[in-house]
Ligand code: C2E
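A single chain, nothing else alongside it, follows as C-alpha cells in the form predicted alone.
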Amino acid sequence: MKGSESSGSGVAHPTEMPRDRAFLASLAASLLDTGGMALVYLDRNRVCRHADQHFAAALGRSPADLTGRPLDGIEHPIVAALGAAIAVVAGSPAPRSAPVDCQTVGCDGHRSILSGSVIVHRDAAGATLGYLGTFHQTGDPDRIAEFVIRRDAFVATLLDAAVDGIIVSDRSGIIRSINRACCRLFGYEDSELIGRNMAILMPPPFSRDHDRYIDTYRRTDRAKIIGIGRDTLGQRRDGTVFPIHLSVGEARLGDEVTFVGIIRDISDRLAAEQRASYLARHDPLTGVLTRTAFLEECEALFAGRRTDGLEGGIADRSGGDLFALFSLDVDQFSDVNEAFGFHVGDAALKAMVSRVTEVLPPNTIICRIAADEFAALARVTDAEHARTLAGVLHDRLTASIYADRHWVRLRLSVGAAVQDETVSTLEDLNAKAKLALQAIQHNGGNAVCFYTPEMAAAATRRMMLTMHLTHAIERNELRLVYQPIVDKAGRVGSAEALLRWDHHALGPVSPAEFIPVAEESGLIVPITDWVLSTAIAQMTDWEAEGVLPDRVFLNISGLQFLRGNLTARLGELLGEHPSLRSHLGLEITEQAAVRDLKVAVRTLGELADLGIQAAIDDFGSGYSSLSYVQQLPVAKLKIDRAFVIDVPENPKSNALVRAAVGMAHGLGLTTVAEGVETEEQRDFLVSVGCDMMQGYLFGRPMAPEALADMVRSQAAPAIV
C-alpha cells in the first residue's frame, strides 16, 4: 500500500522538506558556514555543542577548542554578552530571543562589532533544550563609532551616575541604551527595554502620539519636540502612571540620527505645588478657606446668582433662598492660650469649626479671617431662618469643648447680616455683618447681633471721632476736670481727674463715647500719657499754692497699664517733683487687673515702691473675685455706682454694699462709694462704715481753680 511504502522506504513526500537529521545538519552547515554568519549552539547547561569557524575566530580559538566545553569558563566580551542574552531568554517563558551587541578586538588589533541574537530552543512541551546564537560581524567604522558611544564603559559609567533617567533611541524610536536611573524609575531591567520601542514607557494616549510623532519625523525629517522640555506622563512596568518632565536632544553619528531623552520624576514637585496651592487657599490649622479664597468663591457665587436671576439681578431668587453672612469672633481667646497652652487653643478652634459645619446648612462657605475670627456664608430661606441658625450656632459654640484633654468654654460674638435689596455684592453683606459684630462687642460681646441700618450711622460716627481724636491733643481740645472725694465729715480728702473733649465743631463729646473709640484705635496710649503729664503739672501748681489734695487719682486704661512701661514713665514725670509721689493715685478697672494678673501684681508693686497709691475702680461690675483682690497690692476699692444708686430702698443693693465694705475692711482696704447723689444714700453709706464718697451731692467735676477754692475754704485739712 501507499502508506506502507512511504513509511517503510523512509522517502519523504515530494512536497515536504526532508526531516532527516543529517540532511538538516548539512543544510545548516551550507547556509551558516558559507554565509558569513557566526553560529554557536549551547545546551541547557550552557555547554558548547557546536561552534562554527566564524564564531570561534571571533574568540581567537578553533571550533574544536570550544565544542564540548562550558563557555562560562572563558573570559571574553563575546562570552559575557552571550551569557547575558541567555539569562534574558532563560529567565522568563515570554521572550524567545534576546539581542547581542558586542565589540571585539582581533589579534591584529582591529576592532569590530558582533551583532545578532540568541534564540531559545524548546521542545514541543516547552522545555528548554538549548540556545542558538547567530551573529554578524562588521568592521564598519561608523558602526563601530556608534557602538563605542553607546557602550563605552566610561560613557556608561557617566550615564549610570546621572540622577535623571537617560534613554538613547534611534530615529525609529527603538531604545538602544538606557541608564540605571531610568531602569529604577520605570521598574525594568535594561535588557527588557533595549530593542523595544519608546512607547512601552508611555501610557495611552501618549504611546499612540509617540508613534505618530515618529511617523511624521520619518516623512518630514522634522522633530517637533526636539530641544523642548515638557511635562507629560510615564508608565512603569507595573502599570503605574506618574508625572515626568521629558527633554529630548538630537545627535548625529554619520548618517544616523540618535535621540537622547532625559527623564525626571516630578511627582514630588507637583505634590509640593499642589500643597502650596492648597495652603494658599486654605487655613493649615482648620482646613477652611483663607480670607482671599473665601472672597473669590463668594463673589463667584454672587455673580452666578446675578446671572441666574431675572432683570432684578440678585434680588430675584429662585425658591426664595437668601444669603446670610455670619461673622464670628472668639472673645478673649488669648486667655485660653495663656491658661492651657497654644495646643489646646488650636484644638478648640478645630472643634469649633467642626461645630460650625454641623449647624450651618450644607455647602456653606467658611473661612478663617484672623487667629480667632471666622466668617461663614450660608443659604437661608428668610431672615427668621438666619436668626434661628445664629442662635443655635452661638449655643453650640459656647458649649463646653473637650480640647486636648481639657474642657474649654469659649465666649463668642456673632455678627450677622441677611441679604436684601440693598445688597448687590459680598462686600455689601460683609460690611453689614462686621458692623453687627462691632456693635455686639461694644456691648460686652458673647452674644448674637443682626445688622440694623442704625449701625451704619454709629460706625460712621465712630470713624469720624477716631479721625478727629487723632488731632485732639495737638489742637488743645482735651482738658482735665476734677471731682472731689470726701470723707464721712464731708471734707475734701482726694480728687479724681476726669478727661473731657471739647471739639471745635462737634462741641463737647461724652467720655462714654470717645473713650471706647480711643481704646479701640490705640489712641488711648498717647492720650493717657497726656493725662499723666497734665495732671502732674497741675499738682505742681496746687502744691505751690498750698491747696494740693492728699491724693489725686488718675484713670489708667488697661492697655497702658499692661504694656509694661507705666512705672518708668511715671518715674520720669515725677523725677523733678518727688514730693508728688505720695499725693498721686491711679485707678484701674477689675477687667484690666485680672487680664494679666502677674503683670498687674508686678506693676502695682512697682508703683507702691514709688509711693503711688492704687485703687480698683468700679468694683463689683466685673469679676468681683476675692481671690484676685487679696493678691493685688491696692489701697482702695471704689464701689460701682450701680450698687449705690438705689440704696437704701433696695435691700439687695444694701446687702451688696454692706458686704463689699466689710470685705474691704477685712483686707485692710479703704472704701470709696461712687455716684452718691442724695443725703439718704450718704447716710446709709456712713452707717455701713464706708470711708469715702464721691458724687454730685458733694460736687460735680470742676475746673482746677474751683477745686482749689473748695480745698482752700475748708477750715481744717481733711484726714484720709
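Fair warning: this is a prediction, and the values are worked out from it, not measured in the lab. All residue numbers refer to positions in the sequence shown, first residue = 1.
Form predicted in complex with this ligand: not shown, discussed below.
Chemist: Which residue among 349, 556, 593, 201 has a heavy atom within 4.5 angstroms of this ligand in the predicted complex?
Modeler: Result of the distance check: 556.
Chemist: Which residue, 632, 89, 499, 185, is the contact with this ligand in the predicted complex, using a 4.5 Å heavy atom cutoff?
Modeler: So the residue touching this ligand in the predicted complex, by this definition, is 499.
Chemist: Within 4.5 Å, heavy atoms only: does residue 691 come near this ligand in the predicted complex?
Modeler: It does not: once this ligand is placed as it appears in the predicted complex, residue 691 has no heavy atom within 4.5 Å of it.
Chemist: Wondering, does residue 52 line up within 4.5 Å of this ligand in the predicted complex on heavy atoms?
Modeler: Contact check for residue 52: no, nothing within 4.5 Å of this ligand in the predicted complex.
Chemist: Taking 4.5 angstroms as the cut-off for heavy atoms, does residue 641 touch this ligand in the predicted complex?
Modeler: Answer yes; at least one heavy atom of residue 641 falls within 4.5 Å of this ligand in the predicted complex.
Chemist: Report yes if any heavy atom of residue 701 sits within 4.5 Å of a heavy atom of this ligand in the predicted complex; otherwise report no.
Modeler: The answer is yes: residue 701 has a heavy atom within 4.5 Å of this ligand.
Chemist: I need the one stretch from 331-339, 512-520, 283-291, 119-127 whose residues put non-hydrogen atoms within 4.5 angstroms of this ligand in the predicted complex.
Modeler: Correct option: 512-520.
Chemist: Residue by residue through 668-684, tell me which have a non-hydrogen atom within 4.5 angstroms of this ligand in the predicted complex.
Modeler: Residues within 4.5 Å: 674, 675, 676, 677.
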